[in-house]
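Given next, in structure tokens, is a single chain: the form predicted on its own.
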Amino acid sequence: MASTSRLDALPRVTCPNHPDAILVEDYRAGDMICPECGLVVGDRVIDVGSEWRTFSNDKATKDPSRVGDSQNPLLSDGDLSTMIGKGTGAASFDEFGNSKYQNRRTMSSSDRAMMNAFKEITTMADRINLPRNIVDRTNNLFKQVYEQKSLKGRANDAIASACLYIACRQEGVPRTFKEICAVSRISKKEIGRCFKLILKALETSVDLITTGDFMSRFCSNLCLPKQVQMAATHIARKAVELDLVPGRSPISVAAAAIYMASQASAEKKTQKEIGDIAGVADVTIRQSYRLIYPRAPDLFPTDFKFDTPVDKLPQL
């Protein structure tokens, strides 16, 4: 009989006679064996290794897998299909040289369109290093929109890009329209239109973006130290609280706050460097900076170590 002991709240299979012994797994027989006494502690162990063997003389183009892709619950038939490999012998071809056995996929046109969209979403997410949960949420959003047929006439790539933007907002890792536009083939204006139509069609909403949503990422990409990031976050938050930047987008306010904090520190960054990372124009940063500059002494945190005094900051 096998006994279980709890280690870090997780059950662990052990030998009743030698609980400290490290069990040996026999993958061929599917057994877990105690190396001290030879007791078979567990049987029918699932082999999680590859289900094929690779030989040195196999061709690199030969696919050793005998199973298809994993089931996709977002498709109507789960994308269950069988793929027939290319024939090599004479019996695989008819008298005209055509292959006797061909793949006849029964996937519907709607499933095919969704599969293409899912591939595009995965490609876009990989380009900007988004995790799998963002991809899954985007796929679900696209499926809902596609099945409702509420955005007829809009390109599937545009809908997919807008769904990715919404998923990022809903998961708390927002990206700007320009960042989504950079990894897709769709214009910023078209993504914005689809974004509004999807929110209306699905009767959903997204949280308003704030300056703090982008601050850590922008500062990290600019290689700014933690002190400057904290100062920029404090400056942006105080500027919003004091209503110094009415009507300004959080991205431009964040960029202006980073510029002010960096100019007061030893790690100075130019408007162009910040604009390239934040995706805003230099003139936009200057306009927001001019609004917060008169109250600069009130915006910095009290423990900030100035390399350049407040009265010496650029006035633009």
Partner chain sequence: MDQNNSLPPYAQGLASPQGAMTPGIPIFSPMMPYGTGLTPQPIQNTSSLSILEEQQRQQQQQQQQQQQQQQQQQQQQQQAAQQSTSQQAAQVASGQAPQIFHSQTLTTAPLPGTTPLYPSPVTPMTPITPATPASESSGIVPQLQNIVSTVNLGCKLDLKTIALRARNAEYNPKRFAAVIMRIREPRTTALIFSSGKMVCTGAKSEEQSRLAARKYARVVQKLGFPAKFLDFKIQNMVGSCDVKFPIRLEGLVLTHQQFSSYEPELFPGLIYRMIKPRIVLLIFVSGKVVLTGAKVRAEIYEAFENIYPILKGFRKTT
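Since we're looking at a predicted model, the values are computed, not measured. Numbering follows the first chain given and starts at 1.
There is another form of this protein, the form predicted together with its partner chain, and it is not shown here; the text below is about that form.
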Would its partner chain be touched by all three of L224, K268 and D311 in the predicted bound form, meaning a heavy atom each within 4.5 Å?
no
Any chance G275 has a heavy atom within 4.5 Å of its partner chain in the predicted bound form?
no
Considering non-hydrogen atoms and a 4.5 Å limit, does its partner chain approach F118 in the predicted bound form?
no
Residue contact check: M124 to its partner chain in the predicted bound form, 4.5 Å heavy atom:
no
Is Q287 near its partner chain? Define near as a heavy atom within 4.5 Å, in the predicted bound form.
no
Contact residue in the predicted bound form, from G89, G153, P246, G172 (heavy atom within 4.5 Å of its partner chain):
P246
Among the candidate residues K238, R137, R217, K188, which is the single one with a non-hydrogen atom no more than 4.5 Å from its partner chain in the predicted bound form?
K188
In the predicted bound form, which of the stretches 137 to 145, 228 to 236, 162 to 170, 124 to 132 has residues with heavy atoms within 4.5 Å of its partner chain?
162 to 170
Interface residues of 249 to 283 toward its partner chain, as seen in the predicted bound form [heavy atoms, 4.5 Å]
S249, P250, I251
